Ligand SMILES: Nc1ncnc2c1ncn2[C@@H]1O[C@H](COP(=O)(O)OP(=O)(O)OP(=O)(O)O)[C@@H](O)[C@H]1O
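This document starts with one chain, in the form predicted alone, laid out as structure tokens.
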Amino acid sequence: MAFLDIRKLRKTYGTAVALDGIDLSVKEGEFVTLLGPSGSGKTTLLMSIAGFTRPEEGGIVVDGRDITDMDPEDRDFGLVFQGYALFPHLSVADNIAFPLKVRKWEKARITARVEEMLTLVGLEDYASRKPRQLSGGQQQRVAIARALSYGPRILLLDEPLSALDRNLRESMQRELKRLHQETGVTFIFVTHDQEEAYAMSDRIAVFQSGRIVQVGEPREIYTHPKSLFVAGFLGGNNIFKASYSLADETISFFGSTYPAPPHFDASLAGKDGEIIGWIRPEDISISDGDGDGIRFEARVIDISFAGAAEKLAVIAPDGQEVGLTLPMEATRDLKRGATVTCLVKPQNLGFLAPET
């Protein structure tokens, strides 16, 4: 049996369905991320696990015990909010000690535990400071230390990195991974940021309109999306229309016809052979005549600098727009309006049925 087992969870707000029959199992010690756009249900599920939201249907079981109707304080889970929710009048040490005092720990035990948590998050020299005297990243560390101080079996994190700048966010991603590995606590993390989910998670549950549409390891979801939504939401994949001909086993897209790749599943084809294709921007290169693969001519309509790479937007002969991510040296002499030959390896093409 899974450590955390969520079955058929449903929650509505009037006519709006926030959770539509959610099923999710989490192993003890896993780092699972709930990923999806705003309003997709991920925070509602997190608050249901915490006990602040009560579902109308379904159940939540932790280590064999049904906690669906249990009060939040009795679940004894740690919770880190987006805004950290630190007490501004208390020092760092007193913020961490607060949940221990509520649980009536002995004073000596509290002191030892606070010192342990300060060391864990690298804030030994900040114990007497107030939250206003800390950076955003330091405040977040205090919030995490407080949530972990009493030894919760599950730590729930509601978009705690969203207010941080890019460099600090990446640093805190590494910090969270370290804390997860060192403590062994089960982490349930909510975000709408795909890169954040890829960087930290053991598994990702992708949300769409109150449902989980795919669960898997980051690499699995990235390379094998099971629906049009997942293919488009994760990784910024190019989604394009294509058609399959059973008579000669060819696929037509971007204004040309090509032999169907060996991995293509003909059962995906819908009415009149319609299919949906996807390709990652980094899997398309500009050809100078060398290299095997699928080629198509395209007109450059935009070039954007993106640090170590350049992002190109091109128009294929059939009018479909395609995005490319290329190293800077590959785009040095390109201008808007130029015609380029794009090259794709057949094995990097993905296909979905039209109804997905």
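Being a predicted model, the structure only gives us computed values, none of them experimental. Just count from 1 along the sequence shown to find any residue number.
Separately, the form predicted together with this ligand exists; it is not shown, and the next lines address it.
Considering G29, G39, P327, P317, which brings a non-hydrogen atom within 4.5 Å of this ligand in the predicted complex? Only one listed residue qualifies here, and that residue is G39.
Would you point out which of 43 to 51, 317 to 325, 299 to 307, 62 to 70 contains residues with a non-hydrogen atom within 4.5 Å of this ligand in the predicted complex? Selected range: 43 to 51.
Taking heavy atoms and a 4.5 Å cut-off, does R75 contact this ligand in the predicted complex? R75: no contact with this ligand in the predicted complex.
Tell me, yes or no, whether I22 is in contact with this ligand in the predicted complex, where a contact means a heavy atom of each within 4.5 Å. Taking the distances in the predicted complex, the answer for I22 is no, it never comes within 4.5 Å of this ligand.
Using a 4.5 Å heavy atom cut-off, state whether A18 contacts this ligand in the predicted complex. Output for A18 is yes: heavy atoms within 4.5 Å of this ligand.
Mark E175 yes when one of its heavy atoms lies within 4.5 Å of a heavy atom of this ligand in the predicted complex, and no otherwise. Judged by the heavy-atom cut-off of 4.5 Å, E175 is well away from this ligand in the predicted complex.
For the stretch 141 to 170, I need every residue with any heavy atom inside 4.5 Å of this ligand in the predicted complex, listed N to C. Contacting residue: only E159.
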